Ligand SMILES: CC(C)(COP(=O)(O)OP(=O)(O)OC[C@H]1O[C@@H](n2cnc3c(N)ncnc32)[C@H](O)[C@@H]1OP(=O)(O)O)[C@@H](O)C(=O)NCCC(=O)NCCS
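Coming up is one lone chain in structure tokens, specifically the form predicted on its own.
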């Protein structure tokens, strides 16, 4: 099923590939879960917004096609279980690249977020030669903080933007 889509990277249990329009139902289902969206301040609030986001990421980030949010496919079930990837941001006048990971609730607690995040981190450092990667995490999101620490990131500082306050975890390429 996933072979005709552009695969970005693969782990033991996951395939991360470019999103395709057929992912819309699964992506919207992800955003319909309040346990998912409570930590994503800019999450789509309608199916139309979800489609706009999906179309925005189908070919990578418009300014940085090597980045984007990628469909995260569980190999064993072939299910779309999340959207993970690399996102460019400007924070306090500095360009940053975020390791972003969102996994559907029924797949929580299996280490899949960490597996995806670790692969994305390696991809960013080794394939794209990004010198530094960050995770932007809601202060109450304990699970995401654990993932960031598990992949070797350390808490750097609290920051604030128009959507509120968040924690920055970071790691430098070795």
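Source: prediction; values computed, not measured. Numbering follows the first chain given and starts at 1.
Keep in mind the form predicted together with this ligand is missing from the figure; the text below concerns it.
- Heavy atoms of residue 119 never reach within 4.5 Å of this ligand in the predicted bound form, leaving it off the interface.
- Heavy atoms of residue 129 never reach within 4.5 Å of this ligand in the predicted bound form, leaving it off the interface.
- Residue contact with this ligand in the predicted bound form: residue 101 places a heavy atom within 4.5 Å of it.
- By the criterion of a heavy atom within 4.5 Å, residue 69 is excluded from the residues contacting this ligand in the predicted bound form.
- The contact with this ligand in the predicted bound form, taken as any heavy atom within 4.5 Å, belongs to 143 out of 32, 58, 149, 143.
- For a residue to qualify, one of its non-hydrogen atoms must sit within 4.5 Å of this ligand in the predicted bound form; none of 16, 28 and 86 qualifies.
- Remark: of stretches 104 to 112, 47 to 55, 60 to 68, 120 to 128, the one touching this ligand in the predicted bound form is 104 to 112 (heavy atom within 4.5 Å).
- In the predicted bound form, 36, 39, 40 are the residues of 36 to 50 with at least one heavy atom within 4.5 Å of this ligand, listed from first to last.
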